[in-house]
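Let us start with two forms of the same protein chain, each given on its own as structure tokens and named structure 1 and structure 2.
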Structure 1
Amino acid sequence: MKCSGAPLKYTFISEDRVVRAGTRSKTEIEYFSNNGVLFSVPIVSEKARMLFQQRDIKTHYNRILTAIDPGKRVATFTTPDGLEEQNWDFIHVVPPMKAPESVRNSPLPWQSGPWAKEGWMEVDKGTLRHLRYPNVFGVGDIAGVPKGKTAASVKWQAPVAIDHMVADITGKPSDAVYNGYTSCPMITKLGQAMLIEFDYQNNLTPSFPGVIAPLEELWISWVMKTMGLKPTYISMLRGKA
């Protein structure tokens, strides 16, 4: 999954919605994770688990969605103990993600390892240079690195790749390194969010230390997400940023 925070945000917003509608007592919300955690950064995963527990959101781990029967409203999951069926009235699904066909069916993807199956590009995680084709660089979603499939990651990845390309052209060395910086504005309620920033080592790397605490639900983080980042995303989709 490109962003493990996305389905968490959706779950939090859905829970907040039924609370505001006055129907929370009539609603049962369950979250099915395809692995053993809720988020790749342990401290963030634990924070999400605590919030889910406080808001009575049931969590199921190591559940891989295998089939959906829309007529019967039954979802089938593969679990360590075999197949498991789950009834639902409403279901939100995150599909499997992979590299686009143009890259997946080229010589560029990883040949083995954790990023080979989905066809992510084989690049050095620090320089973003292809390990077999040194004149090729990969940034953003396509890069087969441990972190970094967010818009914030691209902002930090692109200058590193460009610095190395310019160094190649000018014949000068470059020491630019991408440290895995990734940002996830985690909406937990309408009007509140956590601004979570981290690197390859799962270290929290806040951009506003002393002002925005990464694991606190804050209104200012919500404003940054909705008033600042959302317009930027839209501009990027329209090719204007």
Structure 2
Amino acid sequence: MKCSGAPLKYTFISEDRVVRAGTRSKTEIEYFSNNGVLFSVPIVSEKARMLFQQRDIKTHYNRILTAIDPGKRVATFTTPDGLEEQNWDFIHVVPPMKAPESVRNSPLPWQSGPWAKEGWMEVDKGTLRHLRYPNVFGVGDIAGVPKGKTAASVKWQAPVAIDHMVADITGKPSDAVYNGYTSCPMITKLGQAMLIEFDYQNNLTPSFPGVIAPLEELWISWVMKTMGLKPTYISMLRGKA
């Protein structure tokens, strides 16, 4: 899974919806994580676990969705102890993620290691330069690096790659390094979010220290996500940000 914040937000928002609809007492919400945590940064994973507990969202770990029977409304998970079936009325599924075919079937992916199977590009995690083809760089989700699978990361990755390309062309060295910056504006309710930012070392790297606390559910973080970041992402797509 590329962005583990995405299904967490979805779960929080769904819970909020049934609370607002007055049907929470008739609803059971369960979250099945494919691995042993809820988020790759331990302190964020623990925060999400606590919020799930407070909001009576049952959590299961190491459950890999293996099959769905839509007629019977049964999901089958592979677990360390064998197969497990789960009934559902409504299910939200995160598909297994991998690089697009054009990259997967090229010489560019990692040849071994944790990112080889999904076909992510073999780049240096700091310079984003390909380790075997030095005139190739990888930014965005395609980059086979330990963090950084968010649109916000691309904003910090692209200038690093460009700096190295310009340095190559002009024959000068570049010391530009991408530190793994990743941002996850995690909506926990309509009107509340946690603006979580971190780097390769799992350090929290808040852009507004003293103003926006990363692990607090705040209205200002929600405003920033819905009114600030969305137009920024759209501007990025148009090459304006």
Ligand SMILES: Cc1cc2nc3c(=O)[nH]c(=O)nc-3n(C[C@H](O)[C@H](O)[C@H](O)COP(=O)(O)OP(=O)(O)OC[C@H]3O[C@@H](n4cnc5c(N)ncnc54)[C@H](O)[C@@H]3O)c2cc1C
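Along the sequence of structure 1, residues get numbers from 1 upward. Definition used throughout: the rigid core is the maximal C-alpha set that superposes within 1.5 Å between two forms. Quick caveat, the model's predicted, so the values are computed rather than measured.
**Student:** Which depiction, structure 1 or structure 2, is to be taken as the form predicted together with the ligand?
**Tutor:** It is the second structure (the form predicted together with the ligand) rather than the first.
**Student:** Kindly check if the Cα atom of Ser14 is displaced 2 angstroms or more between structure 1 and structure 2 relative to the superposed rigid core.
**Tutor:** No.
**Student:** Taking the rigid core as the frame, does Tyr233 move its C-alpha by 2 Å or more between structure 1 and structure 2?
**Tutor:** It does, since the Tyr233 C-alpha is displaced 2 Å or more between structure 1 and structure 2 after the core fit.
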